[in-house]
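One chain follows as structure tokens, the form predicted alone.
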């Protein structure tokens, strides 16, 4: 161990002050570990304990241990299953839309075009904005009285967010607009790594564009595209900011919105903690399925 922990260059200032490699390492690592414990690990453990109690943050009453009662009540509540169904539909719509739009944009940008850097930067702007700002911005665009979407489409005073069947699609469109650039960025990195000689060989063999896409481009970009899908699926399950701002119908009440109402409007702290862990288990399970297919894609 003494051989591993060497001292600094004797001529350096740190060595003159008597700082060893171990001391400098601890100065950086220990504060980081403390930060993670205070703001990540402790809340996680505390909320897990709260999930098994009837604790309410709005009262001074002591928390009583109720075991699995919160989980049983949540899993037997039809409204909770309705929230999961809405969220599942929302995740499928948004992730599918983001993959199609993002990968399509990456294919268009994966060539020599004028002002490519400027165009790429402009396309990345939506994902740099605050989700709350995006929600307010699109709420104005959807406004039936002066929203420009109805004006350009000639729909008169069509109420996008007030239609039960259309509201979820309207909220999903905002998420697709905002996060398609993320998929585009990862896809562009994958496309740029595809060896050029494969396309040259396909061109010599007179392979068509569809054959080249499905036999060369898609298989080689699939692993990094799967990574994008994993990240976007996890984030879609946690969507709250712009969905809460745009939500006016029960058909757009995602699980994150229901969790917020349960925790901070109804003050069911124990119940909401249990709900949060159910959501966590679902997200982890779906992510593991994606990772399984990702490993298969890498092995090909």
Partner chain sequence: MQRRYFRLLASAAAIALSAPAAMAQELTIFWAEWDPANYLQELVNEYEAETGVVVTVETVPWQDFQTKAFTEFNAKGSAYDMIVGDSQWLGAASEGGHYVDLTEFFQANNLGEIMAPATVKYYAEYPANSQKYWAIPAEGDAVGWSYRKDWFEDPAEMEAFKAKYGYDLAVPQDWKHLIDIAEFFHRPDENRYGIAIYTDNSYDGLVMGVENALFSYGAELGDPNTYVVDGIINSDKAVEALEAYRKLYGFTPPGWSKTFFVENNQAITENLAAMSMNYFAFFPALVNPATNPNAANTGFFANPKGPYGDQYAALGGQGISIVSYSNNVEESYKFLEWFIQEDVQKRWAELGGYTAHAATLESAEFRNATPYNEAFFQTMFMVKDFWAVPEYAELLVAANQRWYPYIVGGEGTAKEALDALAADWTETFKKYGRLQ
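Keep in mind the model is a prediction, meaning the values are calculated, not measured. Numbering follows the first chain given and starts at 1.
Just so you know, the form predicted in complex with the partner chain exists too; it's not on screen, but the next bit is about it.
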Worksheet item: Has each of 147, 235 and 277 got a heavy atom lying within 4.5 angstroms of the partner chain in the predicted bound form?
Response: no
Worksheet item: Hey, in the predicted bound form, does residue 265 get a heavy atom within 4.5 angstroms of the partner chain?
Response: yes
Worksheet item: Would residue 198 sit within 4.5 Å of the partner chain in the predicted bound form, counting heavy atoms only?
Response: no
Discussion item. Residue 215 versus the partner chain, in the predicted bound form: is there a non-hydrogen atom within 4.5 Å?
Written reply: no
Discussion item. Using a 4.5 angstroms cut-off on non-hydrogen atoms, would residue 51 count as touching the partner chain in the predicted bound form?
Written reply: no
Response to the item:
None of 40, 32, 26, 58 but one has a heavy atom within 4.5 Å of the partner chain in the predicted bound form; the exception is 58
Discussion item. Given a 4.5 Å cut-off on heavy atoms, tell me which of 76-84, 202-210, 220-228, 102-110 is the interface stretch with the partner chain in the predicted bound form.
Written reply: 76-84
Practice prompt. Residue by residue through 103-141, tell me which have a non-hydrogen atom within 4.5 angstroms of the partner chain in the predicted bound form.
Written response: 139
